[in-house]
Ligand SMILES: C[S@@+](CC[C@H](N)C(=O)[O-])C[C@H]1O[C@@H](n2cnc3c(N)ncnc32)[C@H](O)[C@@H]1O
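Given as structure tokens, the chain that follows is alone and in the form predicted alone.
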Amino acid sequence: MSQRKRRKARQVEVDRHLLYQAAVQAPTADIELFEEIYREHRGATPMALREDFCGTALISSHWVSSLKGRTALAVDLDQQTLEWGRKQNLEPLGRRARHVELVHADVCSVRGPRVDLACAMNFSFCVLKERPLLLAYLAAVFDGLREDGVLILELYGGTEAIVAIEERREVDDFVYVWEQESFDPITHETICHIHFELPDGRRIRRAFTYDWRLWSIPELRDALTEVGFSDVAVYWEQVDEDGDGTGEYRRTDREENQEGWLVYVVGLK
């Protein structure tokens, strides 16, 4: 095989969704956190999950594999990404894949079947840049939750979240790069990109681009209350002596600001 053909073959092998899953997602840890939060407030084990903005439905695939009898509703507007997830994440599950329902739809339009727990991870709901759209989404989730249902929203912030910055992190044999290109202090609109640097020296620029409104915690709390949630809890990531995140979260009502923070805003029906 010529050098040109070998290079072309290597390029075909690169899959941005696989790189994203390896660099960004941790479904086992996510599910453990979901279970902890749900048990803390409901004293039970959640069985039915709704994964909004699910992308490749990685969390849903792990959810139905984590405990017998679990079901998942995975909703996304991108049909191609859903099909990728069906082939790569669901088909390897065999019969368990039947417990995941992939739904190609606007999350604001899906109100059933009712579930114990819903989630919107990786700041995905920030694509809803206008408050009426955010309220419409939260209202749809509220209607789609069972009587004691719980909604978990992942959000980031901090002093470095509102400046142009680029962060690099090694993952396995490649480098994950998070770039915050711009932030508008009036609208809180932000443009962010994910790049990947591969072992052979190639760089996949803008493998993913996000055009978001960076919502604040108070805005989310107010919106959740407005659509009917009875209580809203904030789970803040703990840090070690060096100021690095530990992956452990606890409920809190007041915190000092940090350069970067990651929280889960939890709506309790």
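This one's a predicted model, so the numbers in the text were calculated from it and none came from an experiment. Start at 1 and count along the sequence shown; that's the residue number.
The protein also exists as the form predicted together with the named molecule; that form is not presented, and the subsequent description refers to it.
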| item | value |
| --- | --- |
| Contact test in the predicted bound form: Ala140 vs the named molecule, heavy atoms, 4.5 Å | no |
| Heavy atom of Phe53 within 4.5 Å of the named molecule in the predicted bound form | yes |
| Contact flag, Leu134 vs the named molecule in the predicted bound form, heavy atom cut 4.5 Å | no |
| The named molecule contact in the predicted bound form: Asn122, any heavy atom under 4.5 Å | yes |
| Contact stretch among 185 to 193, 73 to 81, 164 to 172, 145 to 153 - heavy atom within 4.5 Å of the named molecule in the predicted bound form | 73 to 81 |
| Selected contact from Glu91, Asp106, Glu181, Glu101, since only one has a non-hydrogen atom within 4.5 angstroms of the named molecule in the predicted bound form | Asp106 |
| Residues within 4.5 Å of the named molecule in the predicted bound form, restricted to 205 to 243 and counted by heavy atom | Tyr210, Trp212 |
